[in-house]
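Only one chain is given next, in C-alpha cells, and it is the form predicted alone.
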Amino acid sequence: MFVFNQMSKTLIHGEQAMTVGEARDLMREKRVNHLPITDAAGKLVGIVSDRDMRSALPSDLLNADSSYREEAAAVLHKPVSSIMTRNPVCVYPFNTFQDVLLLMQRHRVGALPVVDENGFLRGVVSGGDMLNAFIEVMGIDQPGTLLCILAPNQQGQIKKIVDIISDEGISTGSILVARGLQKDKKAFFPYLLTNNVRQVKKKLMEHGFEMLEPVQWYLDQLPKKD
C-alpha cells in the first residue's frame, strides 16, 4: 500500500509570510494538528504542529494576568517561520505504508508532509491515516475472529495454516506472524472473517498446531516477576 492511497490530498497549508496567530487560526478553523508551511511557489519549507503552538504561547493558566496578554500578543505577531520545524522529515507519494510507520516511530512525529520529486507539497499523511490503512489491510472492519496458532519455526507453516482454513471455506482478512520467547516456534495470528471457528480450530489441532488465546500468548511474553 502506497502513501498516495492514504494521504489527505486537501492541501491545507500555511505560507512563510503568515504570522503565528494566522497559522493558529487556520489550524483551528480546519481542525488540523499539523500545518505544512510552503514558500510562495508551493515548495515545502517547514511544518508547525499543535505542540509547537502550545510551546510558543504562554500558559492559559495565566490568561487573567495582563502580562499574559502582552506576551501572547507578541508571540502571535511573530512570523510562523520562528516556530516551525525547518526541513521536516517528509515522504513521497510512492513510499509505502511501512516506510511511513518506521519514520513516524523513529522521529516521534504524528504526521509527515508528502512532497513530489521537486519538493512541492502534495498532501499530508497522519497517524490517523495510518490507523485507517492498518484497519483496511487487516480486514478488521469486518466481523470476525482472531486466532493464535503456535507452530514450529520452519518454512511452509503459514501455507499449511492457510490451506486448512481455506479447506473449511473460510476467508482470511489477514495473518500476522510474531516471534515469541520460544526460539523454535512462531505465533501466527490469522483474522478469520467468521465467528464460527470451532471446526477449523479442531482441524488445526489435528494437524499438530497448538491453539492459544491471543491475550494469553501476549501475557506469556511479558517479563516474569522475580
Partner chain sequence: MRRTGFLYDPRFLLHETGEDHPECPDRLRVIIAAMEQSGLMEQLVPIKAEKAKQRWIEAVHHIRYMLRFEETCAFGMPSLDHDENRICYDTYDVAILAVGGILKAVDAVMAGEVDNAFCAVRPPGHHAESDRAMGFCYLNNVAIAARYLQENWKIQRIGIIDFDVHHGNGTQHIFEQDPTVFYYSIHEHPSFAYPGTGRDFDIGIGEGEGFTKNSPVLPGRGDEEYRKRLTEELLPAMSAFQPQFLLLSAGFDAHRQDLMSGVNLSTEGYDYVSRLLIDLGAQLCGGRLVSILEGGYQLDILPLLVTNHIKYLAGLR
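On a predicted model such as this, the values are computed, not experimentally measured, just so you know. Throughout, rigid core stands for the largest set of C-alpha atoms superposing within 1.5 Å between the two forms. Residue numbers count along the first chain shown, from 1.
Absent from the display: the form predicted together with its partner chain. The rest refers to it.
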Partner-proximal stretch of 186-194, 32-40, 155-163, 47-55 relative to its partner chain in the predicted complex, 4.5 angstroms, heavy atom: 186-194
Proximity of residue 25 to its partner chain in the predicted complex, heavy atoms at 4.5 Å: no
4.5 Å heavy atom contact, residue 213 and its partner chain in the predicted complex: yes
In the predicted complex, residue 11 touching its partner chain (heavy atom, 4.5 Å): no
Close approach of residue 145 to its partner chain in the predicted complex, 4.5 Å, heavy atom: yes
Residue 213 C-alpha moves between the shown form and the other one by 2 Å or more, core aligned: yes
